[in-house]
Every structure is written in C-alpha cells, then in structure tokens.
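In structure tokens, the next block holds one chain alone, the form predicted alone.
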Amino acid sequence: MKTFSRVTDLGDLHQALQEAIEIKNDRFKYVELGRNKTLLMVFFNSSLRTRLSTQKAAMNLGMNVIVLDVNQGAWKLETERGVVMDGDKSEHLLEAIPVMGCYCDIIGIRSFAGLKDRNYDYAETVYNQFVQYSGRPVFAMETATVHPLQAFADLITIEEHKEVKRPKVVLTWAPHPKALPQAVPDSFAEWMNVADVDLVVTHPHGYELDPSFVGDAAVEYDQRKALEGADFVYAKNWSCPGVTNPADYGLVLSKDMSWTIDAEHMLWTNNAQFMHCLPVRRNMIVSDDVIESSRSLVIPEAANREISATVVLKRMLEAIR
C-alpha cells in the first residue's frame, strides 16, 4: 500500500478488521518490521489523538519518528503555484516536500480544509502534492476532505461493541459555534457504506455531504425519525459542503440546539451507544449525561486510533520492505 486516504486503499475490509484484532491482541508482534525505518508526521493543523496514536503505532512497529509542526517549527510554507512570494511565507511546498522525503521512509500528512475554495479543498491539493513530489508512501492523518484513520477506528469500535449482526448506525449533524470541515463525516459515511451496517445520515437542509462519500446511505432530514431504532449514534458537526449551493461552502447555516444529542434523543433509539471522534463541545454536540453514560464509546473509540494506525503503517512497511 503506497497511499492511504480512502477505504478502497485498504482492500478487503473484513481482512483488515481481522488484522486489527490480531494487532490489538499483540501490539508489538511486528516490532521488527519498522527497524531502521523512519516515519515523518507533518502537521499543518493541531492534533491530540492523531499525533499520539500514530506515533505510538509507529513505535509498536519499531520505527523512528520525526514530528514536524509546519506552523510552529518550520518556515511558513506557500502551497499555491504562480504566486509572488513577497509575504511572510519563506519556502514553497514544492521544494520542501522532496527535502522531507530525503529524511524518511513514510510520510503522514495532516492538513485541514481552508473552507474558502471548494474546488481547491476537494482536489486535496496539499495531500496530493506530497503524493506526487515526496517519492515516499503517504497517508492521510486528516486532510481537507477525509479522515480515514478515524473512520477505520470507528469501524473497529462498532465491530467490537455491536449487539446485533447488522446494526443501524446513524450519523447525525449537531450544532457548533464555528465552521468545521467535512472530513470526519465524509470518511465515516464512506466506510460505513462498505461495512456490514445500515447507515442513515441526518442533518438540516443545506448540509448535504458530497455524494461520493454518502453513497447509498439513507438521508433523513427529520432527526427523530432517523434516530428511531438506532444501535449506534455518531454525532458530528460539519459546515456546509456546498453540494446544493457552492456559494455556501464552508458556512455555518444553522446553530439549531434542538439537534444536540441529549438523554431525550437517546430515548428515541434502540438503547444506542454514543460515538464521537473528539474533541467535542459538550452541551452543544452532546450533553454531559450522554457522553458520560455507560453507553458512551468515545474513549474506546479514541483508543482504537492506535490500532487503525498500526494496521495502516504495517501495510505500508510491508510494501517497501
């Protein structure tokens, strides 16, 4: 595996889940695989779980790790072609990328959407420049439109905790004070479409996710109707994806607090288990009592980020061995 950003990059999902179980039972089984190999993690944006879990995964595999915070520990980087670099950006990404490739064997990229130019974001401009110019295998640690390590961890969590053979999984929009990217809901929808679940996506009008990610999932604008009979509730905010109206891309169209997942909302479900990728705005996305309940999976879900990253790095190491 030379790149990882979409579910199709992983191949057979059942096999990947079995590999995740194997690794969870013995996290250091493949510790020799990464000996004398170096992972470079490049962060254009903040991180807690992604940084810690991916670095831990690399250590599980015996790798050396270099972490680069572009906005704190390096020159400011220009990402667009054709600009006159007379501002505060001292280096162009097109020189920086091949230099980075000289010092490592695998590169992980975290670069959020700008939420200003839909075409630029959905072309995955920054991520694809690393794929094209680094000369190294590249994986997404969240990009403008996807967060596959999170979605893989989510799927592992659902497989571990499901109480019926084919659970109903509901991805519900929830309010937030500022505009957020669509990467987490995009990947969650994409991965659930391939998994053995019944996926329903619910949100206010204007928040329709890109069809390439929603796939065959049912879309329901009535949140209560969507939540009825749910086995898992995945709450997440996202800004307007601009599918129906490109001019609204990245805007906050609603802060309707009636969409906040609280105890009453969970009563509409089939005693569902609650999920969220974290960090979470309490009492906007979810109430205290729901996230602190025995049916909350947010901590096991976060813990599985180490497992999803270990599987991905293992496969990349096997490809370059």
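Predicted model, so just to flag it, every value in this text is computed and none were measured. Residue numbers here begin at 1 and follow the sequence given.
What comes next is about the form predicted in complex with ligand AN0, which is not displayed.
None of 181, 242, 167, 137 but one reaches within 4.5 angstroms of ligand AN0 in the model of the complex through a heavy atom, and that residue is 181. Shown without its partner, this chain lists 277, 261, 40, 291 as candidates; in the model of the complex, only 277 has a non-hydrogen atom within 4.5 angstroms of ligand AN0. Taking the partner from elsewhere, residue 203 is found to have every heavy atom lying beyond 4.5 Å of ligand AN0 in the model of the complex. Under a 4.5 angstroms non-hydrogen atom cutoff, ligand AN0 in the model of the complex lacks residue 120 among its neighbouring residues. Although the partner is absent from this view, residue 133 stays clear of ligand AN0 in the model of the complex, with no non-hydrogen atom inside 4.5 angstroms. The candidate stretches are 243 to 251, 157 to 165, 139 to 147, 91 to 99, and the one lying within 4.5 Å of ligand AN0 in the model of the complex by heavy atoms is 139 to 147. Using a 4.5 Å cut-off on any heavy atom, the one residue of 228 to 242 that reaches ligand AN0 in the model of the complex is 236.
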